[in-house]
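Shown here is one chain on its own, the form predicted alone, set out as structure tokens.
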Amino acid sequence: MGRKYEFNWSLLGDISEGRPNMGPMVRTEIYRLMQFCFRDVLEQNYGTETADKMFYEAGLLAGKQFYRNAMQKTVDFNAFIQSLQSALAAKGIGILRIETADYEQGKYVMSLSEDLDCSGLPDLDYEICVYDEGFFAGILESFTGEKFKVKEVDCWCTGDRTCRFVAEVSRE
């Protein structure tokens, strides 16, 4: 028997057919309810480090799928960023800015404002956007063909009012 839950884009379904009255939108707190309940159950069963690893890997898979299915393809970095910004805004995920870009070193600093995962949450003294880290790593890997390590350095939950990520080509 094959895997039961292997992801493919078709699992997202035909929203217009399945939700003719409710449409494609859902309130942010309902999305967060699902996400934070998953996080809680994973942490209870596997510990914080493993739960974070799973969220990062889920984000990585989502980023690769998002790139493949929701973005316009290009080989130009600026056009890629414009496509990413447009897709993130159109899906209500957040407002992306590239703050610095070092193409030769493969290092980027980017911020995501009005982040779907955390904007408006209480201060927690730690970053929580592990899924987003993986998500951006998956998108960058899909565009460049190189593996990336992405780390959140500022978060709404640490008192910042935007989430900031450092993305670097992984030399490992």
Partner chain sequence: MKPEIANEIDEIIQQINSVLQSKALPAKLAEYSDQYPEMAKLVERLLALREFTFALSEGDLSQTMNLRGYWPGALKALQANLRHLTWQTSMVAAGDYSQRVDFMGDFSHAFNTMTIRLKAATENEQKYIAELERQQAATRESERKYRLIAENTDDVIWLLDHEMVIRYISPSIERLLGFTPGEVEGKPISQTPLPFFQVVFQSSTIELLTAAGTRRPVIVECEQRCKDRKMIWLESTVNAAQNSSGEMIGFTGVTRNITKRKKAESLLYQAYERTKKRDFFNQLAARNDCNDTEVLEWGWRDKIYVPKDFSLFFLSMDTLPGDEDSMYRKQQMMDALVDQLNRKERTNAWETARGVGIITPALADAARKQKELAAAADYMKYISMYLPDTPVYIGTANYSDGWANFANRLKNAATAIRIGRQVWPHQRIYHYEDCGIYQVLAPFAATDEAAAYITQRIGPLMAHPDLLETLEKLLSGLSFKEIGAQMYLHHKTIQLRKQRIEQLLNVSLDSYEVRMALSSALQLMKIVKAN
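Residue numbers count along the first chain shown, from 1. Quantities reported herein were computed from a predicted structural model and do not represent experimental measurements.
Keep in mind that the form predicted in complex with the partner chain is not shown, yet the notes after this line are about it.
Across the proposed site, Phe7, Gly18 and Glu57 without exception lack any heavy atom within 4.5 Å of the partner chain in the predicted complex. Contact check for Lys149: every heavy atom lies farther than 4.5 Å from the partner chain in the predicted complex. Though the partner is left out of this view, Glu127 does reach within 4.5 Å of the partner chain in the predicted complex, counting heavy atoms only. The partner chain is not drawn, but in the predicted complex it has a heavy atom within 4.5 Å of Gln82. Not displayed here, the partner chain is kept clear of Gly13 by more than 4.5 Å at the level of heavy atoms in the predicted complex. You can rule out all but one of 63-71, 23-31, 106-114, 43-51: in the predicted complex, only 106-114 has residues with a heavy atom within 4.5 Å of the partner chain. Along 132-167, these residues reach a heavy atom to within 4.5 Å of the partner chain in the predicted complex: Val153, Asp154, Thr158, Gly159, Asp160, Arg161, Thr162, Arg164.
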